[in-house]
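Quick heads-up: it's one chain on its own, the form predicted alone, in structure tokens.
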Amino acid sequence: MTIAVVKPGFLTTFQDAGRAGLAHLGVGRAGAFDEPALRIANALCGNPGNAAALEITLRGPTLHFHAQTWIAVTGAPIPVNIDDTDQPMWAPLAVPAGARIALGAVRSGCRSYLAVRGGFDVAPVLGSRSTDVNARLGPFNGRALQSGDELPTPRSEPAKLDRTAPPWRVDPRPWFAGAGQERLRLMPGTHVDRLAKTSNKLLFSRDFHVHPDSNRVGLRLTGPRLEWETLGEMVSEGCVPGLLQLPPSGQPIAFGPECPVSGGYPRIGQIAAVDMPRLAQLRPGDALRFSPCTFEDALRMLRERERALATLENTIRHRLNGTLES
């Protein structure tokens, strides 16, 4: 079966857990910017956590479903409408054959995720179904969705949700912080000690704002100009999502999932992995502030999140077993 794209939205792409392990070949990871939102959407559809789903940026698509299935929408708050009826997010939603689903403008945050039962059956590229728009890798030759695209899903008849079962949904509050100034925990980078003392203080005491020229490659930040005390000649080094680089402008860049695998700008910090979903949900104009963090604390917080997420996925799995038709 396929799902027809009536309207593509602002930037809608396929994303899964990403294509890890290829940086030595010059291939970036890509993948969902807000990984917990992707995994919860997949769990609500009975899918593995790394199944391909749609990542929606700022404005959602309109889709026509040729066959019945079920979906889930998570991440940033966005209107979900099935055949002119509003539906909740963070819940398994039955979709009848021939239905039209319209997702509106994101109300706060930046990115939402739509998963479908069985996942999207697009061909993997280098082991992943993620779209890397910058590198032109992934389904549809690495581009975002366009009107008229047909999105393949598994041909086998999916299990059906029991529409007589009481409705239920996941509490989004632990997984989406909402609007407001974000505090991102920052581990020290290789060159942070070379910052001028005043700039080092500014890094952790002043607000930065997301520049409109930001995307999945990286978020350009505007704020106090950061300057170097001493800085020798730089050589290119490996780069990963969450890296905070400082170009000659003195305005930091926080790398996202489509970042280059190497770069020569000085690195002043690494955003804790547990805070990457918060970075993912920042839109142009949003404010953020950095807080100092140690590697040990960052690792502990990530392990705590992974335990909570695994517990939630297991709970959803058991709950779904009670809402499937026999």
Partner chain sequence: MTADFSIEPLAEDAMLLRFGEGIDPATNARVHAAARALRDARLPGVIDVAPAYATLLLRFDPLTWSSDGAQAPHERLFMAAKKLLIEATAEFAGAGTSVTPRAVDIPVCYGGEFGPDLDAVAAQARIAPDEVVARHVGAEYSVAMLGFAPGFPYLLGLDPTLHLPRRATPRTRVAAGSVAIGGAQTGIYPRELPGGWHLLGRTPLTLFDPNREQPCSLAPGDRVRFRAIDAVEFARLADHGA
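Note that this is a predicted model, so its numbers are computed, not measured. Positions refer to the first chain, counted from 1.
Absent from the display: the form predicted together with its partner chain. The rest refers to it.
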{"property": "S236, S262 and A272 all contacting its partner chain in the predicted bound form, non-hydrogen atom within 4.5 Å", "result": "yes"}
{"property": "4.5 Å heavy atom contact, A177 to its partner chain in the predicted bound form", "result": "no"}
{"property": "Any non-hydrogen atom of G26 within 4.5 angstroms of its partner chain in the predicted bound form", "result": "yes"}
{"property": "Residue contact check: I253 to its partner chain in the predicted bound form, 4.5 Å heavy atom", "result": "no"}
{"property": "L231, heavy atom within 4.5 angstroms of its partner chain in the predicted bound form", "result": "no"}
{"property": "Which of 185-193, 89-97, 216-224, 71-79 sits within 4.5 Å of its partner chain in the predicted bound form, heavy atom basis", "result": "185-193"}
{"property": "Listed residue (R136, R206, R169, R107) with a non-hydrogen atom within 4.5 angstroms of its partner chain in the predicted bound form", "result": "R136"}
